[in-house]
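As structure tokens, one chain now follows by itself in the form predicted on its own.
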């Protein structure tokens, strides 16, 4: 795809995807599964009440867009944290290009500008029969429709010696915030000539290009401040997202493939970590159980749907949540919709932009269902930007549609950054995307 065509795609697919996702398709359009649960009896009298669990890319978007589409609907967003730190952009903190404070989002505008009631609490359970959620602070909250966007949780039994307690000193930093700051402090305090060992997880997991952008940002930091240091990637997978683009960037910026490379990549099976010696910061990998001593060790565990999803019967044997993508309603629990990383979303990756796009489709479907209308046929868009260096960006983009097979990519739409593409321009796009999408959600 030429760069000109690619720019046109990003402009027009983004606009079309936003329009479709925001419910601007024609009501009454028949799609796969249309009408399966369109008519919704309300659990309460008076205005319909939608409760949203989780204030990240999916939940906050859904709460805002329901109010935009139908201000008569009462929306309550339940989120424990008062400040949400975005995972997109968090690797830039490790590269020294942003501060942790700069990626923090609050819920003030959702409340003051859009009329969303924000409750800072923890949901301890969902009673689907009575249609209410139980709160850690006590009592419960009733709903007509519930949207669950709890992100991811970790499979702590995947690597011997690594668990939630160990992660406090050997951080995963895969939920942005305190752990991101901890990992940055460890990196900044590392000796010049030290070794940073990162252990990416097996599929599926949140943000497929994320571990490799992290490698890039750590390499940038080291190049500026600790040029004698080295990164070792011990990967649970034999290949990774945007691999060709990343490795070309590592060659261009960090000597990858040469004797002076800052980065060493060891894929599965030799790179699959089987055990952690937390006391000595050693990762043991492969059938031969080779030991890799780290000055800074970053272990990203295997993942599953967020706790409340599993606790409430929304997950199947895969550990993720099956949904009807026409409406994102759970196929296991009625009147409950699951969006974002926890959902089984067909060909869509687990990314912030995917969650944002899914949330708009879900918001439009919920508004239609509460009004007794058939939801329109949706489409979605996703773009994943990554920085290899401050002025070196790469991306992958796609448009998705609904077919009998579920959510599938539109053939010929989207694509990767071209081999001869403008990397500086892509870096500008990456920063602009982050600014625009966070304003779209929390602004």
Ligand SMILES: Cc1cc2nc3c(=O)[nH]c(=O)nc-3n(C[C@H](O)[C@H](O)[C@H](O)COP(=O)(O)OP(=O)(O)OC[C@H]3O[C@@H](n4cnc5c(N)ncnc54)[C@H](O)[C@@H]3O)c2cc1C
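Owing to the predicted nature of the structure, the values given are computational and were not obtained by experimental measurement. Numbering follows the first chain given and starts at 1.
The same protein has a further form, the form predicted together with the ligand, not shown here; the description that follows concerns it.
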property: Partner-facing stretch of 108 to 116, 204 to 212, 255 to 263, 221 to 229, counted where any non-hydrogen atom is within 4.5 angstroms of the ligand in the model of the complex; result: 204 to 212
property: 4.5 Å heavy atom contact, residue 160 to the ligand in the model of the complex; result: no
property: 4.5 angstroms heavy atom contact with the ligand in the model of the complex for residue 328; result: no
property: 4.5 Å heavy atom contact, residue 150 to the ligand in the model of the complex; result: yes
property: is_contact(residue 156, the ligand) in the model of the complex, heavy atom dist at most 4.5 Å; result: no
property: Contact residue in the model of the complex, chosen from 127, 121, 291, 277 - any heavy atom within 4.5 Å of the ligand; result: 121
property: Selected contact from 66, 381, 51, 384, since only one has a non-hydrogen atom within 4.5 angstroms of the ligand in the model of the complex; result: 384
property: Heavy atom distance at most 4.5 Å to the ligand in the model of the complex, all of 59, 91 and 433; result: yes
property: Neighbours of the ligand in the model of the complex among 395 to 412 [non-hydrogen atom within 4.5 angstroms]; result: none
